[in-house]
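A single chain comes next, written as structure tokens; it is the form predicted on its own.
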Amino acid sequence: MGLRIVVLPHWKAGRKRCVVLKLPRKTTWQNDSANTSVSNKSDINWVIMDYLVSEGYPGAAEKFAQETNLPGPVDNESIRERVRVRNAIHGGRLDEAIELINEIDPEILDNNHLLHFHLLQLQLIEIIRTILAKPGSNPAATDFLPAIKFATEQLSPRAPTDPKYQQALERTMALMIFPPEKMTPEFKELLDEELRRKVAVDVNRAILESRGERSEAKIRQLIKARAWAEQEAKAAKVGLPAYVPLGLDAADEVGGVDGDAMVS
């Protein structure tokens, strides 16, 4: 029985990566106790299509639909809206991202104060990042005036409403005090582009929820269930291989691939 290779795009560490899935061309998973079919090839195809739509890959979804004879995405434009928001966040263009989100649905940020705060915090981080990245950078206090102005106008009024906001703002403002080479890990992680990806994931979920759609691709739920089952098996001292790839880890990726999903 041959294997069917599916390459799914996703974002990790601020870069578009690809996950390689090797799926049997014909398979039936059965529940031994009930002796009933749990999944088949159509179910696997549906899970992959669900991932492409939920994560925002309309071009890949269209190609996959053509190969598998599944119905394509009903509303490609709504997917592309999420793609534009994601690309803006990954590119550090937070003002553009916030504007796009408000165009999609202004109630998303009006009703999700924490998400709005995280977007503004990331925008402040991007302002500071730009200042620190200037050639021969040894910024003077005056160089940080744009960041201080933004923090004062956009973030400071929110800080008194929740201790979490205040702590997050204090940590972010500390980026202006320490030179990058002397920052502790807790401050360096704020400048890590992985933070962009995390915020983009939260925004994608919020947009899907605002549209009454499932906020997480089914394949991610299945992977979490598999990870839980693996932990339970280890706790019960059931023999398992030293490493069981979950399918979305770095070890299973083809790094640096910028193309759309490929199916063969």
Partner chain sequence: MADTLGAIYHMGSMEALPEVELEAQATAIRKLKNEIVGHDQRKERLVCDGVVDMLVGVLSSHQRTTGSRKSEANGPAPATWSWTQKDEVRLQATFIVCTLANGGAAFIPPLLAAGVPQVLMDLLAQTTAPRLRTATLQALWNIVSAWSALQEDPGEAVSAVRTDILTKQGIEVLSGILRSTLADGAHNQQLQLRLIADIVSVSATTEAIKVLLCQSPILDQFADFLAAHSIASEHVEYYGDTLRPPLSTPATITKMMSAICTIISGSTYRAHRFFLSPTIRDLFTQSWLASSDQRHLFGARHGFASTGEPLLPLLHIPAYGTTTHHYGSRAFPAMAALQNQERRGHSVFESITQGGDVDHVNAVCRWLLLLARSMQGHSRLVALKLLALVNNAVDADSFDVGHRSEYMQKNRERKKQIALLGVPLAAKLVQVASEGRSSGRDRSAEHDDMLVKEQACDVLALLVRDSDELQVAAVDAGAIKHVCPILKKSFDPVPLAKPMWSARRIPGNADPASLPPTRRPGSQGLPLETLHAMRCRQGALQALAALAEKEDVHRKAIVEAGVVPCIFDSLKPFPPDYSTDDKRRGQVVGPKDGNTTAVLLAACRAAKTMARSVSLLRTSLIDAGIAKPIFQLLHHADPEVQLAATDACINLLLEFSPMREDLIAEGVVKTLCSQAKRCGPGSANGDLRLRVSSLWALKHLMSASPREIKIKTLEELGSGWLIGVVRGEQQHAREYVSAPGGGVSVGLSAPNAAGERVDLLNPQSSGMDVDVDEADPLAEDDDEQEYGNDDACANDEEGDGEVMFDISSSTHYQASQLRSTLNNHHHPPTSPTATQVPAFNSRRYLSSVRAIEQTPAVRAQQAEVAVQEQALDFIRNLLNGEDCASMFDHLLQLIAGARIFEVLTEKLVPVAIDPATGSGGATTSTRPIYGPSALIISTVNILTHIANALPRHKQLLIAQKPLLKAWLPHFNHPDRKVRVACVWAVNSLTWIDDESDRRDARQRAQELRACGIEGAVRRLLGDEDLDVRERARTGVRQFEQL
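Predicted, not measured: the structure shown is a model, and the values here were computed from it. Residue numbers count along the first chain shown, from 1.
Beyond the structure shown, there is the form predicted together with its partner chain, which is absent from this document and is the topic of what follows.
For the three marked residues, R86, L132 and E181, no heavy atom of any sits within 4.5 Å of its partner chain in the model of the complex. When its partner chain is considered in the model of the complex, D192 lies well away from it, no heavy atom lying within 4.5 Å. At a distance threshold of 4.5 angstroms between non-hydrogen atoms, E209 is in contact with its partner chain in the model of the complex.
Contact annotation for N112: at least one heavy atom lies within 4.5 Å of its partner chain in the model of the complex.
A residue is said to contact a partner when one of its heavy atoms sits within 4.5 Å of a partner heavy atom; E213 meets this definition for its partner chain in the model of the complex. None of 86-94, 101-109, 139-147, 184-192 except one has non-hydrogen atoms within 4.5 angstroms of its partner chain in the model of the complex; the exception is 101-109. Taking a 4.5 Å heavy atom cutoff to its partner chain in the model of the complex, the contact residue among A168, L120, I79, I127 is L120.
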